[in-house]
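Just the one chain here, the form predicted on its own, laid out as structure tokens.
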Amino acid sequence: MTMPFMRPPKKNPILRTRVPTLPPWTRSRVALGLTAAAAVGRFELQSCDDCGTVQYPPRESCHQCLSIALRWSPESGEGQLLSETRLHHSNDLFFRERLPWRLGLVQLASGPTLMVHLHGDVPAAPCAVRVGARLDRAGQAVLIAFPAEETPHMADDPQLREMTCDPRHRKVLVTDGKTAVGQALVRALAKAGADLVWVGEAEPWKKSPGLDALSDLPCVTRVPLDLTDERSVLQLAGELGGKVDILVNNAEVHRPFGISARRGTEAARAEMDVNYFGLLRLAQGFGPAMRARGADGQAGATAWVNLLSVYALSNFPPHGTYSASKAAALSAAQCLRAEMRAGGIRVVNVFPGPIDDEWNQTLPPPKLSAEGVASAIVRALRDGVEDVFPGDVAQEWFERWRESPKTLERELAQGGT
């Protein structure tokens, strides 16, 4: 049984400093379909439309009938562990630092036989297991076998923690504690076992409801942070950049206007200054230090979370300028993900639907609560996914966008939601 994960010791400055390394990450274009599914928390394999064969590893054609009519289909992951081994030596730089490493051979109920990582609570072969897809430090999909039944402290398995960003015993910076979502995030992170939660506070002379109550939590510290002020960002980065394990950028400005429904550009400028340029200032201030700390073991930096919007995928005309600012932030976040990959830092983009706040009062239900957004972010960190779509609206919007972006654009232009 996995033992509870204890608070890691402080880094010894006399010992060798590990340089960030990545597991083998080269994949073929067709194999990236497995990664695309794992990025949103799904385990999918190729299925042949002509003969029904489920195959692994991914190929350009069906290994049974040579058909190219292949599609990615969800898998239950149920299977049987046939054999296992424990790796005690490796020429790969990433695994050499993390030995021993447990591996196994699993036959899925749907047919394919897989080489997988083994969770520590999986019994000796033969036994029933369930296989899931996770993203490794390089951001590529890998397969891991879990015990068929839940066991205590499963999330604390050392191999699994290499593929997730569980906030337990980690230090987190939440960039805006004045909003309902920010306050719900702080409470959720504290409940999840975060060691320290720094809460950013712009314009501290303005009293915000609920913010003082956060200070009563023993792990919470309020810090001055204004994303529109480069000096404020750089000053805090100088103080905390070498300590932050998870950064959650939830600061945003939201105004429900279209492009031509309001004269002037002041509202759009305010949205861009926080939603887009604020992300750039954070990336320039905190990015280098976090990327360099990706190899600090259990005490290392691990994740960067951006609170975006499902409107970033396709513009929602009643919130046109806000949608545009979030689309710009999404593009910047994709660049940030590529740059942070070298340090093994996972960039998690969160795309909620309408949140039940003052800027969405006129939108009909269903709307997400602040607590719903916070729990989705904590769950994403624990599961190690890259893209999260909390709520029914976001899930439906995402599926429609995947099926036909142009159709979704037309529906939204005609007043659909």
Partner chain sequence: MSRRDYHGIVVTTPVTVPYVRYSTHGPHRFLAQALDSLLQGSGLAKEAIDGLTVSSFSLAPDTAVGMTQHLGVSPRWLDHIPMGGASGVVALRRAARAVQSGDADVVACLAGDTNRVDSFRLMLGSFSQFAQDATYPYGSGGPNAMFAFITAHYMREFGATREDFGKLCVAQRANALRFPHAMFRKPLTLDEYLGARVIADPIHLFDCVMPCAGADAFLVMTEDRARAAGIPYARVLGAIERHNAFADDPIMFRGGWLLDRDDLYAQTGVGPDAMDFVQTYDDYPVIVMIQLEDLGFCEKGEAAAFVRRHTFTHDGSFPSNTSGGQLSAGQAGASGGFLGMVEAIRQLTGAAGERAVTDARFGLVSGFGMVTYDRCLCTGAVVLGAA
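Positions refer to the first chain, counted from 1. None of the values given here were measured: they were computed from a predicted structure.
There is another form of the same protein, the form predicted in complex with its partner chain; it is not shown, and what comes next is about it.
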{"property": "Segment that reaches its partner chain in the predicted bound form - one of 174-182, 195-203, 109-117, 277-285, heavy atoms within 4.5 Å", "result": "109-117"}
{"property": "In the predicted bound form, His88 touching its partner chain (heavy atom, 4.5 Å)", "result": "yes"}
{"property": "Heavy atom of Gly391 within 4.5 Å of its partner chain in the predicted bound form", "result": "no"}
{"property": "Touches its partner chain in the predicted bound form: Asp156 (any heavy atom, 4.5 Å)", "result": "no"}
{"property": "Partner proximity in the predicted bound form: Pro24 to its partner chain, non-hydrogen atom cutoff 4.5 Å", "result": "yes"}
{"property": "Residue (of Phe146, Phe95, Trp72, Phe257) lying close to its partner chain in the predicted bound form, criterion heavy atoms within 4.5 Å", "result": "Phe95"}
{"property": "In the predicted bound form, the residue from Ala31, Ala37, Ala370, Val54 that sits within 4.5 Å of its partner chain by heavy atoms", "result": "Ala31"}
